[in-house]
Structures are given as C-alpha cells and as structure tokens.
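Before any questions on binding or motion, here is one chain by itself as structure tokens, the form predicted on its own.
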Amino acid sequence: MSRPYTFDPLPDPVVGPGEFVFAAVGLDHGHIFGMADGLTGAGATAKWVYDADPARAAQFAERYPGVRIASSEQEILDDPEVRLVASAAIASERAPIGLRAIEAGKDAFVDKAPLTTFAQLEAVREATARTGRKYAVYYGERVHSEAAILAGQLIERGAIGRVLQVVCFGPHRIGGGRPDWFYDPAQYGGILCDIGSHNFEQMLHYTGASGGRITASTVANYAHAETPGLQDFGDAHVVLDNGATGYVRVDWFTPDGLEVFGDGRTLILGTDGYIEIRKYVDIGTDNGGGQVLLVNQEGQHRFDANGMTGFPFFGQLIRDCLDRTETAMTQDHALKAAEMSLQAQDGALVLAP
C-alpha cells in the first residue's frame, strides 16, 4: 500500500449479562444462528426460543446455554423482560411474527427477506410509525461480513471518491434437503425478493441513496423443471435517487467444484477508484474469503478483512433498542431495500427455460 489506512477498533459488548434480553421465534432458516451469534457477541442475553418443530427449538437451546423452550409464541410475548424478538421463520411469516412482537411492545429483528408482499410492507410501515418500535432486518451479506464492512469504511474515508455504481453477484448452491417452502414463491417471495434483498440494501448503503427505481428485471427457472416454483436466476438494473446505478444478478448455479456455497462478489465504482469485495472465496488462491481489493489514484491495495472490523451492527442495534436511536440502520433504509426487492420481483420479465 502506498499509504496506510486506519480503521475503527473491534467492537466490544455494549451491555452486560441480563441488560438486554431477546428471544427467538421461528427457526426455519439457519440465519437465526447468525442473528443470535451477533446479538450474544454484543452482550445480549438469549432467554427464550419457540418453534413449531421441537427438535429445532432444542438445537437452539443447546447452542445458547440458559435458553428456555417456550410452550408458545405468546409465552414469549407476555414476558416483560424480552425487549426484542428475532425470527428467521419462513419468509412469508416473518412480517406477521414481527408485527405481533411490535404490538406486544417489543422490537422485532427478522431475517431477510423481511417481507414478501406490498401489503406486509405497508403494515410494517404503519406499525413502526404508530408505535415507534423497530422492525430491524438481518441483511447479513453486508452487516455480518467484515469484507463488506471494511469496504464501507474505505468509502466513508473517501478512498474511491463518489460512488457511481454498485454491481452485486449473489450465486448460491441449492444442495439437498431443502424444505417445501423453499420451492413455493408465495412463501419465499421469489429470487429477487429473497436473495436479491441483500443486494438492493448494499446499493443503497454504498451509494448513500435513499431510494431507487427498477428500470428492468428478469427471473427464470432455467434448469429445475422438477420444481417449477423455484426461480433459479434473477437480475435487475437500478437507478438510485442520487444518480448512481446498480445491477444485481442472483442464481442457484454454484457448481459442486466450488468449496463454498457461492462466490459472492460486489464491485463498487467511484470517481477516484474502485473496490472489489470477494466475500466468501478468492478462487485459485489460498487467501480464503473476506478479501477487499482497492484500486485508486494512489495505487493498488489488498486487505484481508478477517479480524479487522468485527460486526458493529449488532451492538448498535442493541443500543438503538435501549436508547431509541437509529445508528445501526434506519427504519426507512431497511424498508426501502425491501420495497425495491418487491418492485423488482413484481415487475420482472419471466424468461423461458
């Protein structure tokens, strides 16, 4: 590197034991463990878990000592100690669970996609505005990736000037043993609503935009005729409200020869340079994931982000719930990313296989 870059220190726990209590309701997606790990790592205390499948609830309770298995969701909602309800239920069920938590006087923290219909979006907007409660979203490909966080810090420091375009690639591997809801678009929301929600959020975050317009989008089931409800490909072009642009491509075509679930990458073009984030793998090398490549007027730089930033989102979310602030992510931002996902999905041209 031609000059040193300095970064924020690793975040410490923001609360002590018992100061911030949360519960988990709905464990259909494994992201619940990332959500709970992030919260407990920032000092939160997991008290309850509820899932219709007792085996899943038992697995969660075993992973987080001291967690009690509730007999119902209502038992959790009736506990005044619980400040936040986390959920990675089936995507179409996340908004109803979050809304019940909000009406019970608690904040909600749901996996992406945070909702699957425009009616759910309007219901969440109404409830959060009326109650002041939070409907936080786990956009994990940014908030739980040190490479993505490091890229954001570089942009904040002016490393590439004004951001002009964000291009996201989100390939995934289907694998075996997927549940039935995974193949039902009414339940998972469609590929641009589901996987793509990560990427619309990144476009807003890295460009600093507050919204955007979908200019074109497509979806397809190219190679999985045996599961006609699956969309194995989707893409979208976006014009942000500050003049920047974005593109996203998501798919279920990760080949078996790749050692990770997908070669997720983000390319960020600025007026004075560009950044590439290689989140999960740096193919053909022994570098592993978490790589950030920066090219600007001063030279070429490579950062191994692992261990550099930690995951400040979770501590910020805890403090936001306690202090009624918006430092982790604003409600408008979280829901605007979801809205763009719905718009891209709703207006997508369906391609023939």
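For clarity, every value in this text was computed on a predicted model and none was experimentally measured. Numbers for residues come from their place in the sequence shown, where the first is 1.
Keep in mind that the form predicted together with another copy of the chain is missing from the display, and what follows is about it.
Looking at residue 295, you'd find a heavy atom of it within 4.5 angstroms of another copy of the chain in the predicted bound form. Contact check for residue 169: a non-hydrogen atom falls within 4.5 Å of another copy of the chain in the predicted bound form. Although the partner is absent here, residue 270 lies within 4.5 Å of another copy of the chain in the predicted bound form, judged by heavy atoms. Contact annotation for residue 215: at least one heavy atom lies within 4.5 Å of another copy of the chain in the predicted bound form. Among the residues 259, 126, 75, 81, the one placing a heavy atom within 4.5 Å of another copy of the chain in the predicted bound form is 259. The contact residue chosen from 63, 302, 324, 68 relative to another copy of the chain in the predicted bound form is 302, the criterion being a non-hydrogen atom within 4.5 angstroms. Heavy atoms within 4.5 Å of another copy of the chain in the predicted bound form are found in exactly one of 156-164, 118-126, 105-113, 175-183, that being 156-164. Contact with another copy of the chain in the predicted bound form holds for none of 10, 33 and 47, as no heavy atom of theirs lies within 4.5 Å. Contacts between stretch 244-281 and another copy of the chain, counted in the predicted bound form as any heavy atom lying within 4.5 Å, involve 244, 245, 247, 249, 251, 253, 255, 256, 257, 258, 259, 263, 265, 267, 269, 270, 271, 272, 273, 274, 276, 278, listed in sequence order.
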